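Take a look at this single chain in structure tokens; it is the form predicted on its own.
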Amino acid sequence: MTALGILVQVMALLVVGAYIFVVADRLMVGTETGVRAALVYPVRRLSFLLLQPVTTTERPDFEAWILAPSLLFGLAAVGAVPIPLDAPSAGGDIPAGLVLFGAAMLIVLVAVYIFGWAPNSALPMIGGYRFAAMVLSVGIPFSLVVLTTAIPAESLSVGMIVEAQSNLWFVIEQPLGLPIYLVTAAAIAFWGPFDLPEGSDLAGGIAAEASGPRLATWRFARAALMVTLALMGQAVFLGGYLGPVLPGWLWTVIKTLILLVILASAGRTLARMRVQRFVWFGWVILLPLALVDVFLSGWIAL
């Protein structure tokens, strides 16, 4: 597939996936409006934000304020490029795809911090610093559990990792991997109980001063980031496109939707953690468990 074809495929996937994620999240809210209202909610909300007047602050950095959502969506797209949807030859699978994905996800810190710093306002800036503390706490466990899937595959290629699961999915061979991945992925996407940068105690944090098209693009970029994280999760832990009867691309869609629903439901059922407790949780709980996952995977491989 050509570079342009891969780009079109990734963009279409992220747009559709973001729409599905917002619908799933809306259904988890538990309102009485029903499925039909949830299906039209993303379009209705987007239209409202695009027509909403844009507020501003005193002496903001407008360029950075515009750059941050674009950077966040760009990182989501870059992270999705090395994930094959049907077969290694059907996407942008590259030899070091896992490294590219990990680098893109950790640079999300830059996009979030810029979005909080650009308004030149106290509460958004505090939200940016909060996210820096979060990423420092979960970045190592997140990277470890993702890279551990490369041990049995003996490759950093996502396609090779998927093929290595032809006999047994890594969610069974590495039982600690997927739970740690989902927790750290939700934190990197500042979603649900880890939505600390946009906490209500900060009146919205990094998004406190955002409105109109600026807020709409930011929300869309985060939804696209969730799709990329779910895509990688199903590829390295649930066998990706491997499965009986159905075509490979359909298995990819089904497994990605399952992880998106899990993440959406967690965002509506789990309480938000305090920053101090989250930092403790990352260093004292997640990091040792991730190291255990590495050691167990290496022992099994040997």
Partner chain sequence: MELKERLAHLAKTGDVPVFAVVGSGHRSPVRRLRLSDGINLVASPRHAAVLLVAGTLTEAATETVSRVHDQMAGPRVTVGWNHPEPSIVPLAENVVGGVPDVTAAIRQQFANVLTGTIPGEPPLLPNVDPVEWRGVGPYGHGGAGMTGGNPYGRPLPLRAPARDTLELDQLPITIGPWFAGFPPGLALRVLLQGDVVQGLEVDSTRFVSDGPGGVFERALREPTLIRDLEMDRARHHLEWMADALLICGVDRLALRADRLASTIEAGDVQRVDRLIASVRRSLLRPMTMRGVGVLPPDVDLTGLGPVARAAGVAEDARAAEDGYDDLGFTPVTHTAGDAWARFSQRAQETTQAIDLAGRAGNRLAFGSGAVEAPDGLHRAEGSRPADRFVAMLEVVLNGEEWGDLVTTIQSFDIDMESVSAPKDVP
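In this text the structure is predicted, and so the values were computed from the model without any measurement. Numbering follows the first chain given and starts at 1.
Separately, the form predicted in complex with its partner chain exists; it is not shown, and the next lines address it.
Undergrad: Quick check: do 9, 287 and 293 each get a heavy atom within 4.5 Å of its partner chain in the model of the complex?
TA: No, none of 9, 287 and 293 comes within 4.5 Å of its partner chain in the model of the complex.
Undergrad: Would residue 166 count as touching its partner chain in the model of the complex under a 4.5 Å heavy atom rule?
TA: Close contact is absent here: in the model of the complex, residue 166 is far from its partner chain, nothing within 4.5 Å, heavy atoms only.
Undergrad: Can any non-hydrogen atom of residue 171 be found within 4.5 angstroms of its partner chain in the model of the complex?
TA: Taking the distances in the model of the complex, the answer for residue 171 is no, it never comes within 4.5 Å of its partner chain.
Undergrad: Does any part of residue 261 reach within 4.5 Å of its partner chain in the model of the complex? Heavy atoms only, please.
TA: Residue 261: no contact with its partner chain in the model of the complex.
Undergrad: Heavy atom to heavy atom, is residue 26 within 4.5 Å of its partner chain in the model of the complex?
TA: Result yes; residue 26 sits at the interface with its partner chain in the model of the complex.
Undergrad: Would you kindly say which of 242, 39, 273, 257 lies with a heavy atom within 4.5 Å of its partner chain in the model of the complex?
TA: That would be 273.
Undergrad: Considering its partner chain in the model of the complex, which of 189, 224, 162, 210 comes within 4.5 Å of it through any heavy atom?
TA: In short, 210.
Undergrad: Going by its partner chain in the model of the complex, which residues of 135-163 come within 4.5 Å of it through any heavy atom?
TA: Nothing in the stretch sits within 4.5 Å of the partner.
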